[in-house]
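Each of two forms of one protein chain follows alone as structure tokens, named structure 1 and structure 2.
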Structure 1
């Protein structure tokens, strides 16, 4: 689905969502109130300006209060690979964006990610993965790091990583593998109205991050949940 099709399905009565320089912003009527929509469209790489703009949009919702939910729609490149952005501290801008979404969630604003195109690396982590619940649409292609990049970082042969990816979803890009690891909670049905599907995800929203549990249940991350629980217990927090 394109962003326009997503918005028409979410807001059949109209909306104010627009795209400028690849950055999505606006809102529309939802469950008797409003649903704020932010995000990245058109495969746009996320640089410092975009990350700063998105952070400001999230903080505007938090300042207004009222528990307005936030949908983060994502069809991006990776973070912008430029020397300028790196020298200006792109990692800090992306971290700030992720923290604003965590703040919104803590302040009672349901945060729902929706991956409908590509997304990768820091841009994926700071947007879609920073929401409480992440959904995908068929045809989406999210990845934290593609296998050639993993090969460069780990110094492992690409063919070995490709073989490992067939059996180990953690190594593999793509929507199906993200679902199996629990990173993506659900794949939505584009043939049905999206508004009730998004609403159902909000209603099922847990107060705890359940991604490790989902990964164990789906066989994609069989030990992550147990390890996290052990760390919390030994730290005296669980």
Structure 2
């Protein structure tokens, strides 16, 4: 689905969501209140200006209070890779954006990620992965790194990596693998109205971070939850 299709499905009565320089902002009516929408569209790489704009938008919602939920819609590139972005501290801008989403969640604003296109690496961590519940739409393609780049770094032949990717969700790109890892909670049905599906995910959300549990249940991250629990036990807890 395109962003326009998503917004039409979410807000049949209209909305104020607009895109400028790839950065999504606005809101629309939702369950008697508003749903704030932020995000990255058009495969845009996330740099310092975009991240700063998004974090400012999240803080605006938190400052106004009232528990307005926040949808983070993502079809981004990777983090913008440039000398200038790093010179000016891209890690701080991306971390700050993630922190504003984590703060919003802690202060009662449900945060829902929706990955409907591409996203990768630092941009994915700072946006979609910083929400409480992350949903995907069929056709979405979140990755950490594409296989040709993995082949370059690991010095493994691409055809061997492609063969391994078929049954090794822990490293292979794509939505299904992110679902199996537990990073993406659910895949939405584009044939049905999105608003009730988003609402159901919000109502269902857990206070705990259940991604490692999901990853174990789905087989994509077999040991993470067990290791984290074991550390807690040895720390005298649980």
Partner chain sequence: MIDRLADPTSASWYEASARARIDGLLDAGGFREFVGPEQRRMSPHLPLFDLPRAFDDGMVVGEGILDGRPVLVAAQEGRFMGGAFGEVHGAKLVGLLRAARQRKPAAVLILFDTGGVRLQEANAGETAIAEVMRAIAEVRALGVPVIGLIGGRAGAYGGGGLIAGTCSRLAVSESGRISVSGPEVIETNRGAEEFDSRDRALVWRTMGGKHRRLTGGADAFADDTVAAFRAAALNLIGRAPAFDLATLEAEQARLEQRLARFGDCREATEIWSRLGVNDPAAVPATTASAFDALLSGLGETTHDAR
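Basically, rigid core = biggest C-alpha set you can superpose within 1.5 Å across the two forms. What you see is a predicted model, and the numbers here were worked out from it, not measured in a lab. Residue numbers count along the first chain shown, from 1.
Here are two forms of the same chain; which is the form predicted together with its partner chain? Structure 2 is the matching one, since it is the form predicted together with its partner chain.
Once the core is aligned, please say if the CA of residue 148 is shifted by at least 2 angstroms between the two structures. Yes, its C-alpha moves 2 Å or more.
Please give the CA displacement of residue 232 between the two structures, in Å, after core superposition. A shift of 2.8 Å at the C-alpha.
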